[in-house]
Structures are given as structure tokens and as C-alpha cells.
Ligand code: 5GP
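The data below hold one chain only, encoded as C-alpha cells and taken in the form predicted alone.
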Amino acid sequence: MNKIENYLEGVKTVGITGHRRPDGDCIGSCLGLYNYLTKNYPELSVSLYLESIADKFVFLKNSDKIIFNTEKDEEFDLFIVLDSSDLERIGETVKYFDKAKKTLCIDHHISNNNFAMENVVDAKLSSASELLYMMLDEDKVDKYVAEALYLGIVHDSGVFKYSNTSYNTMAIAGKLMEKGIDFTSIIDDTFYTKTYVQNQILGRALLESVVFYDGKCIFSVVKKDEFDFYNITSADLDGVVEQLRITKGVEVAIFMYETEPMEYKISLRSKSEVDVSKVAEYFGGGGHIRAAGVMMHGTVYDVINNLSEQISLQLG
């Protein structure tokens, strides 16, 4: 595997981005790379672009350096996209990607379509953060790079319990722990800890969930007016779909929330039988075998009917 240094030859300016609505792995891999480059290659001018991040992630070093808008026109020697399977997912930062002299994608989604000039993609790995670590010089990884990458691995592996967790995942996590990170707090404070309002919306989502296909599938939905009532953002919905997934007897969990009238962001999770990436891809989304996502339009009834039809093809 090529090291990140191999892509820096002749490069003076680097742009970094991840997917829209950044999650733990997206934020961890992006800040991990940003911290690695700024620490070890001070001669480089590095810019990191993301949409707003949840408060629980701001402890990461240089989170205050994230640029949340694309107002400034820039032309980078190298533009790096992490944890994104296609160009549409990176939103407005595509303007920098299109103008860059060289582009690189580092990703672990099985649905990645190799959109960059150079693509380092391994769908067997737990996370973009795990893949990125393999591209770095271990001796140049300090505590601040380590805590960002550890966070990313924790979030995309479900704290090392998803099927994408491997010996390699655990070995890398161990090496990151040796850098002196507070691994217990990273897990507790960013994965498990919930605010009172987050617990309320989780409770409501579970209370109003519906099972179908003889209990093999479950879904729940949060409507836009509930966002306003509870004064929440999409970041407050972390963990809902996973809680649905661990319902006894359930194979596929569907969690959807309304972003605009009759427009839904949908998260899909499965245990062992269903490849939800295929379900998501059918409707223009993507992801992993056991975790995927897609945007869909229509009524809740229409969306669930369409999804269940594709799920049933695999459930038999």
C-alpha cells in the first residue's frame, strides 16, 4: 500500500474533506490526516473542510481549524477525500476537488466508485481511519493523530463489535492506545454518553417503532416537526438505528428522519443475512454490507414499502 508521503511529491497546498453530515469516522480520519500533515510537514499549507461537527468531537486537536464554508476560491495541488464513496457525498467542496491538480480518495465503502485520480479503497476494513493509519509512518503518529484515528475506528466498528472488526483493527487500536490517548473517555464521551434530550428522542423512536416481516425487520421515523419540538439536529440521533438493530429477532433495522417535507435520510443496519449496501445502492445510496444509508422521497408508507420490497428479495 502506498504511504501518504508518496502523494506529496511536488505538493505545496493540500485540501482535505469528508462526506456531508460527518460522523465519527469521517471526522476522525480527516482530523487525523490534518494533524499528521501539519505536524510532520510544516512547509505544507493544509486546509480542512467539513460541515459542522457535534460538540462531543471538539476535544480533538485542531477541530477549531475546520473550515465550515466554501466561500473562498482555492486551487489545491492535492485534494484528499476521506470516508466518501462518491463525489455527491462531499457536497459543496466538490468545487475544490474539480479544480485540484491531483485528487486522492481514501475510503472503505464497498460502493466506492473510484472517482478520484488516485483511489485507495479497501472495503474489508472497519473504517477510513484504519485504512489511513496503514498509509502513515507509524513513527510520525503522535498522541493527537492517534486519538482522532482511534475515535474513527471506535465509531465505525461499533466499539469493535461489528463484523468489519478484524485482528488488524484490534492491532492498530492497540498501537494507537500506546500513544497515550485516553481511550476510555473517547469511547464513553463520544459513543455512549447521551444528553437528556437525546435520551428523550431515543425513547420516543423506540416507543413508536414498528416491526414487520414476522419481527425480522423494524423501523422508526422522526419527522421534521419533532426536530423543532425537541430543538435537535441530526447529530442528536446517533445510536438510534443501532438500538433498533439489537432488538431480539430483528435482522434489519431502518431508521429514517425527515430533512425536508417528504424527504428522508435513511440508515440501514443488518445482523447477518442481508447486505444492506445492495438495498441502499438500488435507491442511489451506498455503504457497507451491514451498515448503509440513502436519501429517499415520498411518504413514510412509500419509503418503507420500497425498502421492504428490496429487503424481502434477500430474506426470501
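Since the model is a prediction, treat every value here as computed from it, not as a measurement. Numbering starts at 1 and runs along the sequence shown.
There is also a form predicted in complex with the ligand; it is not shown, and the following applies to it.
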{"property": "Interface stretch in the predicted bound form with the ligand - options 198-206, 144-152, 96-104, 80-88, non-hydrogen atom within 4.5 Å", "result": "80-88"}
{"property": "Answer option from Lys61, Lys278, Lys56, Lys265, heavy atom within 4.5 Å of the ligand in the predicted bound form", "result": "Lys265"}
{"property": "Ala291, Leu48, Val274, Leu37 - the one with a heavy atom within 4.5 Å of the ligand in the predicted bound form", "result": "Ala291"}
{"property": "Val300: touches the ligand in the predicted bound form, heavy atom cutoff 4.5 angstroms", "result": "no"}
{"property": "His109: touches the ligand in the predicted bound form, heavy atom cutoff 4.5 angstroms", "result": "yes"}
{"property": "Interface residues of 212-237 toward the ligand, as seen in the predicted bound form [heavy atoms, 4.5 Å]", "result": "none"}
